[in-house]
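First structure 1, then structure 2: two forms of the same chain, each alone, as structure tokens.
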Structure 1
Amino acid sequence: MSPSPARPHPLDSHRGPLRTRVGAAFPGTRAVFRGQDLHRDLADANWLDLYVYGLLGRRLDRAQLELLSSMWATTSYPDTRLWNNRVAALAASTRSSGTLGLSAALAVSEASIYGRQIDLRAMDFLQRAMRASQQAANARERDEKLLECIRAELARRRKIAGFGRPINGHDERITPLRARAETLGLHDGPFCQLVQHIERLLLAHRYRLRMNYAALTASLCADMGLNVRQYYLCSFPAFLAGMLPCYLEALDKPAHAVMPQRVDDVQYTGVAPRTWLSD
């Protein structure tokens, strides 16, 4: 009995020369970026334009790029007390390199409560809510379906990503960002209308959850045609501008001067000291 032929390995088709559709560098001649000559066809692209083109494989128009830039600027706070900025400052305080410190700060920006993970869930919820609302035959049925989405999300997670804020219910970024979107003519897309309607439903049914930055930016990006993964990667540099001042300020201080603590600075409220009896 002849042995059965070996089953092909899933990686066999990837052996040999690297095959790519995104681009290649030809030192001394040219560089190809998603099928375009980087130095000729994309010579008019600024960094943000190129970043988004690399992400989407298509170029956004000037108004959309300006809105993305405003989204990032609106949430770049140079406050060392913030969890990710603190990492950048502590890295400088230990005299780590800027690239390493800022990379670490960006890495922890994926936090599930305050960072990128909540953004992913916000867009995912909006997309599910949009699909549900599109199945409705009229406005009343739409509201019923949206309320079903709201209740299901609260039952599953006990919160709705993009709505509510743990520290202060008012999100100071909403007003300037919506004003910027309106100036650019990008404030009234279907997802932007949806997120405002969801907010009205939440308030009308006494959930007391207002839209926050994550819901607004998710809706704006969804109206630009971004999916969840593209939105996540597009938001990657969102906090970076606020990290740099924190890093540089810590670098100007003595080493280890960022939030130093003495032992007696700790106010212990646990079990009182006990007397040990010896034999």
Structure 2
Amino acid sequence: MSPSPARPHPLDSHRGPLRTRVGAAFPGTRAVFRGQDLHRDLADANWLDLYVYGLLGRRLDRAQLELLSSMWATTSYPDTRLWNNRVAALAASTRSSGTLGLSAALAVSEASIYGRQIDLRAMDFLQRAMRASQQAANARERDEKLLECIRAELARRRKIAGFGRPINGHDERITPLRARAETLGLHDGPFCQLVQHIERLLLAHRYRLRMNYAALTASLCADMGLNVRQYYLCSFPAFLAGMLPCYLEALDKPAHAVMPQRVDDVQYTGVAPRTWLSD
């Protein structure tokens, strides 16, 4: 017999039927998605529309959805050498399943020097910078406050997510994505203006940090009203399109043929041979 504690446990109220406001499936009848009937109220929604509705609880307009789609298309590189893509290809090289390989590759994309952690930090920095700039009384004070944000971020992390790029300072994704945003009329929101102003400040103060893709996409999404966590979660499928070809090509090659290593390809830098002493 279970003990009967004097006061209810915090988890007690969560036992029993699942209480939810995000939805449920009723096989044979209907499915509810965030308060709407999926097959009736959301019948016009394509996958991306629904994805964003699931995240935000509101729907973006067509231009915003197209821009999101373009954002991810712009950064989908089917280059097997990229660390996350490589995971998908290596899974194929061992003849592992596509879903395992691709889901692991997406999980690996939550990296600290690229991908989701950078997305999150770039958006966080822009949100802080926006709050700081809104507290300024004039343009000069605004620049001072933004420079304070820049210095604080550099002191804390030694880099600013969204600015600078280790391999090549020029980010080839900026121009086409900006053009697409302009075509869609989404290029000039307050965060987009802020990110360009921060870039000008950085260059004027000799930081040599140009805006990269992460700052641009964060600013575009911030202008759509996404907060830090929403932007981080929204970006989850960003690299997926580039991963599939890597997986498929590796399947066409012999097993273990993705970046294979001969024994002497690996450089050993550890201790010299020794004997185990204790039993």
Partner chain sequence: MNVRLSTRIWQETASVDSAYQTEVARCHGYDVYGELLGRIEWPQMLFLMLTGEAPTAAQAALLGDLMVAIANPGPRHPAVHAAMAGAVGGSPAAACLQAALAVGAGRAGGAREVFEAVTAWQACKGDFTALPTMLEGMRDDAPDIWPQHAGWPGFGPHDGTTPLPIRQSIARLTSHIPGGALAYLDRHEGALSALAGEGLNFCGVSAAACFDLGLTAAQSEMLHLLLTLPGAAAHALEQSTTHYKAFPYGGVELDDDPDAGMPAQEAA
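Residue indices: 1-based, along structure 1. Note that the rigid core is defined as the largest set of C-alphas that superpose within 1.5 Å between two forms. Just so we're clear, the structure is a prediction, and the values are computed from it rather than from any experiment.
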{"query": "Displayed copy of the chain that is the form predicted together with its partner chain", "finding": "2"}
{"query": "Cα displacement of L18 between structure 1 and structure 2 reaching 2 Å, rigid core superposed", "finding": "no"}
{"query": "Y268: CA movement between structure 1 and structure 2 [superposed on rigid core, Å]", "finding": "6.8"}
